[in-house]
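In the form predicted alone, a lone chain appears below as structure tokens.
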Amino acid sequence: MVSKPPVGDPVQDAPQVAAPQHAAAGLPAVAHTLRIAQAQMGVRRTARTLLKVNQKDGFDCPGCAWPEGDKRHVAEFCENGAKAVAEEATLRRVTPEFFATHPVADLATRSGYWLGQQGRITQPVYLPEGADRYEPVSWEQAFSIIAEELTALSSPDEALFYTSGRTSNEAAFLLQLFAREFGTNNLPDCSNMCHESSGSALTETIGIGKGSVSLEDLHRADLIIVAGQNPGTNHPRMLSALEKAKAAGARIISVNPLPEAGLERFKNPQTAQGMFRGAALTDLFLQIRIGGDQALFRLLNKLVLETEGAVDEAFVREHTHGYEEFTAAARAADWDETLAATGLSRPEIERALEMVLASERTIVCWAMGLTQHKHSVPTIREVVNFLLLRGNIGRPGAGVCPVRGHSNVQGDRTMGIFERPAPAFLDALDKEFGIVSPRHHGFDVVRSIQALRDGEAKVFFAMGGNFVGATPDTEVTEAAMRNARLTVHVSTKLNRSHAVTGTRALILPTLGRTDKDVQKSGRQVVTVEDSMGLVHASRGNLPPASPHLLSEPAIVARMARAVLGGGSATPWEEFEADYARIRDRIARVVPGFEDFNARLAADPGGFALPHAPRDERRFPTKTGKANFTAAPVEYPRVPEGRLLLQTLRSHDQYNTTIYGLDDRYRGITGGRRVVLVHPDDAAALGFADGAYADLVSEWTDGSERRAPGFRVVHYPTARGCAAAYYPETNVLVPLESTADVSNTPASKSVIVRLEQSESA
């Protein structure tokens, strides 16, 4: 038997605080993993399921996008991956009786943790106009409702089709095909909120918006710089790669406002020695002020230029463009300004320079700590400058490594989930299917919310994810969603988005990664692309959570038939019956997928997509070369008496999915409404450890936003900086506060003041 889901849902959590830890994983991670898994799945189902995670004949973990090596451990998963699997493979069920008992108004009062703990949704449900609760509906009725609303729109651009990174390549390809045959490029996706800044910067500088390194490159590197990233919580299997690199002689620089346990010491649970002793990972910890990364890399570039023989002049001459303008900007970098921007000392930066100059093969890895600022795109361009100077792109053991979150967020973009598609992609799509795709740009996430708010969009369709919980400016976003005529969510479990509806709403339950998918032609496989451009198969092995579930490709195919009717020549029914037919079409539309089915059958471990900068040192940019850039250095200026806040995840969390109320490595248990503040900053502001504060964000237009009732935790953050969990702090970020170029919400640099809380 498994435990029942929680009945109560306290309005206010009660965090307890202990000292932060200095090592990640080990025996506590194993124990916690087994406890969570068995509570959700039971003992036998836990073994049956976890032994198939990330195996060549198994299913891809629905958590992060970190790749697997060719030789795989029998337990090829991490603690957080096991939590993701357990929540999907749970024996808990959300039935029509649940919705009869819980009106939408009641669901709206529940925490995200409580909603997720209720289990798998078993049947399609519908909220009619004027009703107070969801009711069962047939699949035929559900698709009829969608068709009614979509065909009634004045323009196809009044519809929005959002995609989560969990969606398979096959489902993503079908969704974008349907949207474009319907007539819109409104295909916002979760990339808009995370690595859009990476894609924007990399496309401009090296010609492809993806990382250039493989897992083997990490193992061969001399120096790995991990900037703005917490692998111990967000990508735990990355720690194994860092451990292997260290054993081969690599050195690691961690650049982060917070000390992170996983980057201090990794206790690898796959080995006896690792379980108890572990390996120290970081050689140099640069505790940078939030948003100071561009200034740091700009000064390092200046110092490299001033070091005789440090620049790879042959590479620069043969493969790059814009060097003179870049060097002029870099040589103007100022020590005093850099120290102010970064909060670092001169000896720390000089030590980093020594390690850079001693390395022949350097990799820079980053995540949201670099991508969610107003100046994120120029920051990542500066990282590229740093690597180009010493020829560290297109060299084994070197390159750019943006570490993606969701397990197929990169694949969705490859499949065409993009509001600004390349003309060549649309040309190939039109030729293959005999359609005329729209050429004007569609809406990204922020623009989609604005369109709903302003009445420009009326139907919102989400393939997975928790749009309301993931997006900024919570009150504005929720009001915008309620403006819609129809909201549709394809989901496995409940989340906040199901309680914030349009005039009418549908929840369409779907198969998960762990579920066996059988269609007319037999058992199906889907594919995903990992963070390093490897495409591989995923095969669920469990009986579906309900006989009333449809797969994501089936949902898209049936929706397309209902909406497009006999006017579509696309073989939607054939695609639903056999996903191999979808892959045949992908092979003819998307470069790099030639002979897709044959290659998938030949190597169940997958195949690598081509990457011109990595494979050939060829840079498909407008100049035909890798581009140096020379943007002005930017960093946040914080007024006296204020702090610079970053939003982040707890350890019991993946994106907006809350697995529990603990953050074990940071010493937080039993609650989430905490704000981490340096003891000296807290004292200067008059807040003792354990006091309660409201977080009030301040913006240049004079507006403010408030998140009440946060326990102040004295914590070793960078001076002048603070941190708190999202989605609780999404309310503090205005919709219009975004990164230049990429339009990604700027959630990592929020100026806040602390006020004594009345809700303590």
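Start at 1 and count along the sequence shown; that's the residue number. Since the structure is predicted, the reported quantities are computational estimates derived from the model, not experimental observations.
FYI, the form predicted together with a small molecule isn't displayed, but the following is about it.
Picking from 678-686, 525-533, 248-256, 216-224 the stretch near the small molecule in the predicted bound form, with a 4.5 Å limit on heavy atoms, gives 248-256.
Though the partner is left out of this view, Met463 does reach within 4.5 Å of the small molecule in the predicted bound form, counting heavy atoms only. Looking at Ser198, you'd find every heavy atom of it more than 4.5 angstroms from the small molecule in the predicted bound form. When contacts are judged by a 4.5 Å heavy atom cut-off, Ala29 does not count as touching the small molecule in the predicted bound form. Of the heavy atoms in Ile290, some are within 4.5 Å of the small molecule in the predicted bound form. Proximity to the small molecule in the predicted bound form, taken as a non-hydrogen atom within 4.5 angstroms, holds for one residue of Pro421, Gly405, Gly502, Pro269, which is Gly405. Note on the partner interface in the predicted bound form: the residue among Gln118, Gln123, Asn185, Ser491 having a heavy atom within 4.5 angstroms of the small molecule is Ser491.
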